[in-house]
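Below you'll find only one chain, the form predicted on its own, shown as structure tokens.
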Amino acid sequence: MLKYVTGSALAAMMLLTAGNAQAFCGFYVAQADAKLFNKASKVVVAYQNKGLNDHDTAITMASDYQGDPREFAVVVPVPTFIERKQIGVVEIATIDHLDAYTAPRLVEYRDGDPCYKPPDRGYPITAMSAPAMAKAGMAMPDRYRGVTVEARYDVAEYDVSILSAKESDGLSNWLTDNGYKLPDGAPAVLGSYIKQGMRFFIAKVNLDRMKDMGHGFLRPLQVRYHSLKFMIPIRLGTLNANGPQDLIAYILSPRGRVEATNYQTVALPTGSNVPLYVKQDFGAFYKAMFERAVARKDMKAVFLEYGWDMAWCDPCAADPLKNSELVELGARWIESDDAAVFKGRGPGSVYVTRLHARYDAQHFPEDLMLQETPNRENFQGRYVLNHPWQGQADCEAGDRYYDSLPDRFSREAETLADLTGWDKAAIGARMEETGQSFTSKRPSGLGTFFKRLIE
């Protein structure tokens, strides 16, 4: 069975149906990638502000669409006319690599012997690492009044049209008569983009070319343009939605962290110690933690999950991306891999920001407007397992250490309950099952130091 992945419910577009339808030393052990979330769309935005009126943007669109490719179609509002050379496809593996690299992660530490040296965070362990353009201004029936097909292109397995419009009724009629099924509310949203002078990038699958190319899946589409608008248009995506959707945006820039300007940008809780059993169910933990954070902000915030210079990571949830992959994703201001190696440089001029939003039309009535900042501070969603020392501790410090563990475990339970909303008693029971008791337990009945005193 073929699996068709890319570009469907993407927050930056509207899916239509055609036809009928600080440095961290530790051991990385798990990641919370985009696959955890249903109805999740992935967007990579590469943005470079080269001067007052010279801004370059590349948007690469992927999502969780699965189904008959004959029913795949997409409409994306774009701020300017798009030429053929500004459109391309990207390998899904490149986006998956970026997703894995920036995913929130679980890391693991082990306490040292309390009698050998004071307890610390554990011994550092090495990180795991159209053939031709259609004539502009072509005549349209009155039913399509105000609609101009400015260009048609063949792009890999897609047929792409670039449209402009002066009124939403004409555009809606054109889309409907060309086999697109519009969701309720589309004319009003389309009209708002028309008022902004935006054009419409429309893509459908060409089954014959797809077959000739031998692909069993739809690759992500990339659109590049020059515009002062730094945004991700999400409102069209809400028209398809049967409930809230997740948008995960990976934003590459040469300057620093990217934030939303019209919604609050909030850093997710990070650095917390959690019970050891979370290792077996990190996905459930992260989903519950994210959902609680969303609820606390009444689904009106965008969450920072990762922010880091692409030149390095600690710990790394995946190998760093090559320069060639970053260029493929739109970061064309950097050099090729060969040039960087020759000059002894890596991809240090790329800062990656990972933003995660859960949204619907009620809570996110506006498109996501962005701004680049000079902030290059490192941030990652990172959650810590701290294994207790399991050997003998034949000293007074060892007795103090074992006496302190119940309080430590209790704090971990409270932290987990606060992060997720899970019941603390149920958390405690799970911890007891995995050896994290809220009552004092030493290797022997008496503390070894005091046992020596009695003898």
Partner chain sequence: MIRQRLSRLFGDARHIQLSILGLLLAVNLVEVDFGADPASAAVAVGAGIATQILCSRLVGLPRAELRSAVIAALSLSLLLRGDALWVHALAAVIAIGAKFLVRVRGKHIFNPSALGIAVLIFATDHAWVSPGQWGTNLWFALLLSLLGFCVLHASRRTDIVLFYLFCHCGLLLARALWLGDPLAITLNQLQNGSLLLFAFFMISDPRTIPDARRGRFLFAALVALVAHWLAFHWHFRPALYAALVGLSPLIPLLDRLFPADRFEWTTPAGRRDLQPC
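Residue numbers count along the first chain shown, from 1. None of these values were measured; they are calculated from a predicted model.
There is another form of this protein, the form predicted together with its partner chain, and it is not shown here; the text below is about that form.
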Q: Can you check 275-283, 258-266, 107-115, 321-329 and let me know which stretch has heavy atoms within 4.5 Å of its partner chain in the predicted bound form?
A: 258-266
(Q) Each of K195, R235 and P365 having a non-hydrogen atom within 4.5 Å of its partner chain in the predicted bound form: is that the case here? (A) yes
Q. Here the chain is shown alone; which of G146, G191, P244, G88 has a heavy atom within 4.5 Å of its partner chain in the predicted bound form?
A. G191
Q | Partner-contacting position among N375, N206, S164, T270 - heavy atom within 4.5 Å of its partner chain in the predicted bound form | A | N375
Q | Distance check, L304 to its partner chain in the predicted bound form, heavy atom within 4.5 Å | A | yes
(Q) Is K300 near its partner chain? Define near as a heavy atom within 4.5 Å, in the predicted bound form. (A) yes
Q. Does its partner chain come within 4.5 Å of any heavy atom of N53 in the predicted bound form?
A. yes
Q | Non-hydrogen atom contact A311 with its partner chain in the predicted bound form at 4.5 angstroms | A | no
Q: Enumerate the residues of 220-236 that have a non-hydrogen atom within 4.5 Å of its partner chain in the predicted bound form, in sequence order, or give none.
A: L228, K229, F230, R235
